[in-house]
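Taking the form predicted on its own, here's one chain by itself in structure tokens.
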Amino acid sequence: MGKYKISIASLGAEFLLLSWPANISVELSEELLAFEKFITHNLSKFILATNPAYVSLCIRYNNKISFAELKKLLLDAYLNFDVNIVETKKYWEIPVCYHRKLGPDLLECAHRTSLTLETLIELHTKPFYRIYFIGFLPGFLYLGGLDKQLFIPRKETPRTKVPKGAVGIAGQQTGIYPQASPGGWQLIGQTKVELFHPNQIPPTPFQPGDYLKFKAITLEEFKTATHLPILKTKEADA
């Protein structure tokens, strides 16, 4: 049985949204992903696709069932599913070069947070970041676990082009730009790891519920760094 009081709203023809009325947390995310797995297995004849977020789950369904009928099935399922479904987690290591040539906002971030460059980099590479969901751009990972000392607002004027692989922080989040795009995050480094492969199935090796850790490398190491993410065994409780 689920631990929260969820709500279900229609998003128009063939789409609906399940919402959890709670703050972002690992516990809630575990339940959300477990419920997603449960319904995609048990209601597969109706559900075409699912897309998780921090506290919501978007569902696309077919015309074999009405919104009202599916809403009832989902609410009944939420009362009966096993919250303790074990999700397979993977632990990834991403090499990042924290250098002013690749992180144009690195010095400004250190100044605004009153940290030395060494401490800023140490704080950014220390956590295991949880991948909550993927969105915004194909392969863009929404990560949780940024140290509070690194909370910093977005840039007042966004850049018209952020390079592929740029690592940034903004507000309570950190992330990697999987493609070149406009963006307003504070850029503190860069990686060569490919996050999205449009011609592969699946197109990204990362999944919600996985964990990711950044590893600092030098500028010389960056020049020869791998484009592949490094799969690690679990080194610590995330």
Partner chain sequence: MHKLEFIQPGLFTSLQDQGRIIGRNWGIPEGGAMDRLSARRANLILNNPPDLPVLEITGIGPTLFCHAEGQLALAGAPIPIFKNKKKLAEPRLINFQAGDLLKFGSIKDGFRTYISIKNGFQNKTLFGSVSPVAGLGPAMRFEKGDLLFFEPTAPLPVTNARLKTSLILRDNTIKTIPGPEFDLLSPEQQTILKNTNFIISSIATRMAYPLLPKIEILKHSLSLLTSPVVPGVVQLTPAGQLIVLMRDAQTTGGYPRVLVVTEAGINQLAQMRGGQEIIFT
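Every value quoted in this text rests on a predicted model; they were computed, and no experiment measured them. Numbering follows the first chain given and starts at 1.
We do not show the form predicted in complex with its partner chain, though everything after this point is about it.
Here the chain stands by itself, but in the predicted bound form one stretch of 69-77, 144-152, 127-135, 94-102, 127-135, has heavy atoms within 4.5 Å of its partner chain. The candidate spot formed by Tyr211, Leu219 and Leu231 is out of contact with its partner chain in the predicted bound form: none of the three has a heavy atom within 4.5 Å. None of the heavy atoms of Thr226 is located within 4.5 Å of its partner chain in the predicted bound form. Within 4.5 Å of any heavy atom of its partner chain in the predicted bound form lies no heavy atom of Phe38. Contact check for Pro202: a non-hydrogen atom falls within 4.5 Å of its partner chain in the predicted bound form. In the predicted bound form, Asn42 stays away from its partner chain, with no heavy atom inside 4.5 Å.
Contact annotation: of the candidates Val193, Leu33, Val55, Ala170, the single residue with a non-hydrogen atom within 4.5 angstroms of its partner chain in the predicted bound form is Val55.
Contact residues in stretch 24-38 (any heavy atom within 4.5 Å of its partner chain, taken in the predicted bound form) are limited to Ile24.
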